[in-house]
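The form predicted alone is given below as one chain in structure tokens.
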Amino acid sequence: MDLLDKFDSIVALRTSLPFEKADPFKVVMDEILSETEAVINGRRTILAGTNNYMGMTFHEDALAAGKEALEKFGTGTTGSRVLNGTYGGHKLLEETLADFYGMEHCMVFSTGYQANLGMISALGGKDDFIIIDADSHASIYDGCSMSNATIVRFKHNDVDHMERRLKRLPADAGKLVVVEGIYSMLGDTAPLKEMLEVAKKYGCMTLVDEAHSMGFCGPNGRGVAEALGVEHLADFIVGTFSKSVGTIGGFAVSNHPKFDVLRFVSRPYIFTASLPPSVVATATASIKAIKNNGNRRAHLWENARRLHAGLKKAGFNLATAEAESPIIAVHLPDPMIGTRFWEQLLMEGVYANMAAPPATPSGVFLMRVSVCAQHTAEQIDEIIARFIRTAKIINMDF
């Protein structure tokens, strides 16, 4: 038996999509011109599908710190954090993050995906329960699968359903509620205050993933929990460096006095090579810059509201009534139109993300646009204009 036969239906679906001039799974950035523009297939293209929310990929402090670390420490550590892979820079980054969040403890992981994998799999034991939103990111689902806990799902952002689920669980069982501040596909914000209050009412520990909200939510950019004043209800906050921070890596922060034991029981932390010193230095410099960069936060929100208002006025069906984040998702009727729209939009010089199940909720097809603090108002207006032109060219009703 060919073990790859089980994927034949996926191959058939992929083959049925009417791509002619470009393939969303094979896009190559030939040249990066700035935080907001690249050359793709020889064409100057506005980047509207990255997670570079705060536009930190070319920040001068981060670039200088990365170059200096590369010269001093070489290209990589060649080892795990628990063996030879902890340098002074890793400890400085953890201290910087702990200070940024006002927490006692921090662990840095090699990716944001591994941060969720490492935290959730370690926290969820054999007789425990992990309670998650149905629209959780794949890293949360995979962390649950890797744990030995029983998984309980509730409807997306539905506090009442979440409470009904919690009522059925044993009062004295170990329980971990995992929620995200902002959800990456629809760009909607969780009712975090109500969720964390309900979780605590039923004796749960809580983990908040701020991957898509760090940098621009809250007075210091710590995320939705800071913006809503409920950080004290989060036992663990998880985040990533591959979005607002502009590089790669992940982290978890906490005030729990036993937090450090996770360094010895979290397999994705133990059995992975640590981040290269240049990446660690870049992340440290970037986080320091984000903390003091209220102007970028303000401009990012201006861009998000401008794009949302423009697409809404044009008649597109948007996933949220207002701009709740830098992610503006446009509903498309089916994968065929989604394919043609994405391809034509790229020909018009705008790169966005075509999103379909399982990355999106069942039956939902999206053109996901994400804005950057470094986009100009003129670029936002161009994105709107090219969306409208694309819809007309492919004869899409909107």
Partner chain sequence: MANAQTLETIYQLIAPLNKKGIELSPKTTFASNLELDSLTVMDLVAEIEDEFDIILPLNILPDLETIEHVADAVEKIVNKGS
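Numbering follows the first chain given and starts at 1. Here the structure is a predicted model, which means the values were calculated and not measured.
The form predicted together with the partner chain exists for this protein as well; it is not shown, and the discussion that follows is about that form.
Contact annotation: the partner chain lies within 4.5 Å of heavy atoms from the stretch 166-174 in the predicted complex, the single such stretch among 317-325, 166-174, 268-276, 91-99. Residue contact check for Ala134: one or more of its heavy atoms lie within 4.5 Å of the partner chain in the predicted complex. At a distance threshold of 4.5 angstroms between non-hydrogen atoms, Tyr87 is out of contact with the partner chain in the predicted complex.
Proximity of Arg153 to the partner chain in the predicted complex falls within the 4.5 Å heavy atom cutoff. Contact annotation for Gly363: at least one heavy atom lies within 4.5 Å of the partner chain in the predicted complex.
Contact with the partner chain in the predicted complex holds for all three of Tyr141, Ala149 and His161, each having a heavy atom within 4.5 Å.
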